[in-house]
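Before any questions on binding or motion, here is one chain by itself as structure tokens, the form predicted alone.
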Amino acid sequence: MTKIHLMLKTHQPRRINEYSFFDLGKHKSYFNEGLNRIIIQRIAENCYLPTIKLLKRLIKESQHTFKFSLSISGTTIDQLEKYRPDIILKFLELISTGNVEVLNEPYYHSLAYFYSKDEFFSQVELHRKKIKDLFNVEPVTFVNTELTYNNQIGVDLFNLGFKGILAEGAEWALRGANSDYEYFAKDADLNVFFRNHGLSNDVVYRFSDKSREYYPLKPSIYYKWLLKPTGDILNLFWDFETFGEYHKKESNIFSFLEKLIKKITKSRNLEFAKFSETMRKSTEINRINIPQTVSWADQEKDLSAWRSNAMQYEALVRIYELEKQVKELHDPEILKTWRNLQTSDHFYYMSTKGFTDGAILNYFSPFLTPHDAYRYYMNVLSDFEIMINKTIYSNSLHKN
């Protein structure tokens, strides 16, 4: 019987303001809290509340045979605590069923691993502590920002105490290996699970695509697709916002989810499982060699969605160049601001690539063009640097 690992991921960044050159030095907020509040409130009503309610009911009606995994970014948690603390309690109720495995990730959904491992490790520990404090669970499975993975990431996560990771199942990275099997990292005893990107994207990005042959996608059709893979596991990665946000209630996305889950829980061929339940010993499965970094995005499925043009490279280098100064200040607010400016979405908005996963990707950016995203971000960064230098100068005066 094929084990299905269903992973639901929710991430909402703190979007920045349209920060102009003339705003420098005027103490304007870097983050567009008006927009962030509106988006969180909308997603709470259209997605979080109805989806959590449905998932809880499906767990109960399945007599607890419906299981899945969940990852919530730290930036999402921060905004929910500020604007919708009731949703945190709803997630707690869902997790308390015992059928939900909570995964660990970098707190600020950043690309810190590729620029500062010390910062990456700090964000991993921040997220681990937050998950423990909020939900009283200790994650053993990891999901890196944008499903990024390579051999060294596997070693570092194993050394941090993790037992497994979910990564992108890109064909070029797997080099003939089947994503629907479980593997061990090349140089560490870390279970590696790979997303089946075709079946995942059929729901997340293509569910409402009217040009598709199978529109509207029916649970019975999708169930048949789930039976086709030849491996013994199937890793599905769906954004939590798929339900009610990317695809509105009127698209029948909730009905699709309910009918599909019920069909799988009654199946003789498929069953749900948590990652932690299917992890094996290194002697039982093959090791996988992923020397280059893989991610979920676009045809290339590498880091090019976040750093393929000069704008992205400049922005990423400048934000991480500030690490030493920021951390030497020992100012919690400055540190938090710096970390929120690391969120990968800011650099994704600057991408000039043509994406291939459907028009739903246009949903993500609050800016009209990648150049707008770059200009506003760099203005924010310039003002932030001014503030840092003023703080350093002020501290030196106090010492004298």
Partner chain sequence: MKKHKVLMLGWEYPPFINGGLGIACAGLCEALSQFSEITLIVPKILQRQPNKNIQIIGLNRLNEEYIEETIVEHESHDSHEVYKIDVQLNPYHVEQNEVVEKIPSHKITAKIETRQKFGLEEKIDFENLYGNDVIQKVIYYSELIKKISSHFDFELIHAHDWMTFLAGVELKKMTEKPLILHVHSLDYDRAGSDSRGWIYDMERSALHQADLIMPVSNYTGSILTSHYGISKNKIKTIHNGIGNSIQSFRKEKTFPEKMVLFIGRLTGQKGPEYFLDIATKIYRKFKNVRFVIAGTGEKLTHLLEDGAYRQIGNRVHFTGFIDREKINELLSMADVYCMPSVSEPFGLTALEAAQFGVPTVISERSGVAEVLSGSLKADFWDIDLMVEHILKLLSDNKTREKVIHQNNKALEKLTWLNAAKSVAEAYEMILNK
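Residue numbers count along the first chain shown, from 1. On a predicted model such as this, the values are computed, not experimentally measured, just so you know.
Beyond the structure shown, there is the form predicted together with the partner chain, which is absent from this document and is the topic of what follows.
- Site residues Phe22, Met311 and Arg375 are all in contact with the partner chain in the predicted complex, judged by any heavy atom within 4.5 Å.
- When the partner chain is considered in the predicted complex, only one residue from Ile221, Val317, Leu227, Leu89 comes within 4.5 Å through any heavy atom, namely Val317.
- When you look in the predicted complex, the only residue of His64, Arg57, Arg42, His371 with a non-hydrogen atom within 4.5 Å of the partner chain is His371.
- The partner chain is not drawn, but in the predicted complex it has a heavy atom within 4.5 Å of Ile386.
- Contact check for Asn379: a heavy atom falls within 4.5 Å of the partner chain in the predicted complex.
- Of the candidate stretches 22-30, 65-73, 45-53, 337-345, only 22-30 has residues whose heavy atoms lie within 4.5 Å of the partner chain in the predicted complex.
- Looking at 75-103, no residue comes within 4.5 Å of the partner chain in the predicted complex, counting any heavy atom.
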